[in-house]
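Here we start with a single chain on its own, the form predicted alone, put down as structure tokens.
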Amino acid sequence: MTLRSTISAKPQVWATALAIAVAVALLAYVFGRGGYVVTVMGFAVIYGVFVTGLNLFMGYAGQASFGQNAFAALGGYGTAVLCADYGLEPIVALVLSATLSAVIALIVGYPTLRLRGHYLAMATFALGLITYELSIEQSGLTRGFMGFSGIPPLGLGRFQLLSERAQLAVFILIMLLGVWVARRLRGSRFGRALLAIGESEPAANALGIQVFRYKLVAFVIAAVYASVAGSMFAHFVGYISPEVFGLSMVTLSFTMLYVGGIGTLWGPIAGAVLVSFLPQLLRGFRDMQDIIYCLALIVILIFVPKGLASLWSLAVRRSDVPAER
């Protein structure tokens, strides 16, 4: 290894060590504090899974989707019905719900993904609205506005995650598995094709990339992530209602993506944690809480337009030492 490569690697090592230290400190605080902090972190991890999948479709492939909440609803209600009404094991229900979401995403995405730009955004937005209305109208299955209760915690057989700390620990492992899969996909031929599509669809098509097929596969994978997140929410809270998977979920997920850094690996996770904890940090401001929250997000988007993940590369570049001649 040359002197230049050794010197250039040091800032990256320090940046990685700092990021790991911050993550460990945050988890130590959450597990040590317990109570409501564990609940907030649980929601952050669930949204972390959701936006990691959405990032594959929006950040890598450069496509707009306003309807991923539909697949989260399928996962949530699917696992609720299978567990509460049919007595299936939570893990089995989660897998079956994710499989159903993948099949529906394949069926819906085949005609929808032939649209582009604003038309695609509106079509996916309509998908979310239709699912929301169905969750209200089909009260015999979803119990409408009354909500679905009695959903057991995640587990298999006698091994039930009865405490929130235990559920959070398993949820973090699921999130890390999702990030690992996203990382492997990004470095694969499939991921490189998605990045090429995100840069320019005509150019990707000219290179022989089957644009529609890759977009459809990315859409299905994002739907599986969303379904798993919806199932995790149902098991974590034990209760779901149509409002959980409404327009607020779309707004939150977009905020997390752009605040954290769309198109990056860890940016969506950082955005999910920040957006989940920021309102809790501002609770002392009472009536000014929403205003300060919005101002904080605006400041982040103005001064860090590429998201929190861009601070990583910026810190590495500034701390890089030029090699001696």
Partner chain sequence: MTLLSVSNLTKSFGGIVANDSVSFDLNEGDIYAVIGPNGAGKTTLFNLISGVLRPTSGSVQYAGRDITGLAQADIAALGVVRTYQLVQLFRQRTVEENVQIGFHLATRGGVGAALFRPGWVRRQERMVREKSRELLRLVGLESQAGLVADKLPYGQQRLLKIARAMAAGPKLLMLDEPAAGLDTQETSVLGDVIQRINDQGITIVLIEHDMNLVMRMATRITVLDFGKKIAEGTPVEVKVNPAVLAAYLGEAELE
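Treat the numbers as computed from the prediction; the structure is a model and nothing was measured. Residue numbers count along the first chain shown, from 1.
Only in words, not in the display: the form predicted in complex with the partner chain, which the text now covers.
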Next on the checklist: Would all three of Ser188, Arg192 and Leu195 be in contact with the partner chain in the model of the complex, where contact means some heavy atom lies within 4.5 Å?
Outcome noted: yes
Next on the checklist: Partner absent here, but in the model of the complex, which of 86-94, 72-80, 100-108, 207-215 has residues with a heavy atom within 4.5 Å of the partner chain?
Outcome noted: 207-215
Checklist outcome for this item: Picking from Ser149, Thr251, Ser163, Ser200, the single residue whose non-hydrogen atoms come within 4.5 angstroms of the partner chain in the model of the complex is Ser200
Checklist entry - Among Val224, Val170, Ala123, Val181, which has at least one heavy atom within 4.5 Å of the partner chain in the model of the complex? => result Val181
